[in-house]
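Coming up is one lone chain in structure tokens, specifically the form predicted on its own.
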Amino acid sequence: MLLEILTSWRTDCPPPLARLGYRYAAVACAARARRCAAAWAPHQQRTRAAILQAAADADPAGTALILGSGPCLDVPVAELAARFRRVVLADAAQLPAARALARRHPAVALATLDLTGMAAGLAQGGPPPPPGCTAFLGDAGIRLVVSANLLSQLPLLPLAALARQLPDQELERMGRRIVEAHLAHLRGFAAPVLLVSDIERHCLAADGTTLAREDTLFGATLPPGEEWDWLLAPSGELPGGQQLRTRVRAVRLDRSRSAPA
């Protein structure tokens, strides 16, 4: 608990985002990553490998933009900094781990921003603003864009803020709108884009049988890509020995491909 308090104090997060829970969520995710390090390691390795493969196909004479950088456990920051002229780590809250990487590597910069485009309006308590983000679309120097295990997380805090305003069906529709707005943002870049996201989640009993399945993208779909399993909550993390396992997909997106149905 003390470590989490210290991490929270050292995490940069603008007040509107902090009020919606982004600082708390970032610190909690980092704490879970420490607790579940062994279970998460294969997923993190697969994500880093997918990013490095995409980086190898990109022009290094520019910027690599990482959306959803978090504590950078799934982002090969040192390798990207050695390859690209500039690396931007973008997230709603900048944890101490990301800040340390920016100090260590001169090519690395931090960008703290809301990738849903909704936080400012929600923090004011008004009606739900339309989701959408255009950050960095005007930057002609970007040579690679990575959305790193972010897509399914984007709707969570906005929907929590709207839970008292909207009925369940409207919340589901808003969740899909947020997901599709991020996909539209990614497709707006002229540079190559790699999307890594979980696409479904399974709740497992202690004996491994499936208790429930959840569509983590609210009905949105992605093109085919490389897939693997991520043991998000191993035994001991949840009550009764239950586990959470997600299916992850790594997809190359570009303007020439049709948008998901």
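Sequential numbering from 1, following the sequence displayed. Treat the numbers as computed from the prediction; the structure is a model and nothing was measured.
Here the subject shifts to the form predicted together with a small molecule, a form of this protein not shown in this document.
The small molecule is not shown here, and in the predicted complex it never comes within 4.5 Å of any heavy atom of residue 175.
Mapping the unseen interface onto this chain, residue 161 falls outside it, with no heavy atom inside 4.5 Å of the small molecule in the predicted complex. Among heavy atoms of residue 131, none comes within 4.5 Å of the small molecule in the predicted complex. Proximity of residue 98 to the small molecule in the predicted complex: non-hydrogen atoms within 4.5 Å are absent; the residue sits far from the partner.
When you look in the predicted complex, the only residue of 115, 183, 88, 144 with a non-hydrogen atom within 4.5 Å of the small molecule is 115. For the candidate set 80, 122, 150, 108, a heavy atom within 4.5 Å of the small molecule in the predicted complex is found for exactly one residue, namely 150. Shown alone, this chain has one stretch from 187-195, 67-75, 135-143, 161-169 that lies within 4.5 Å of the small molecule in the predicted complex by heavy atoms: 67-75.
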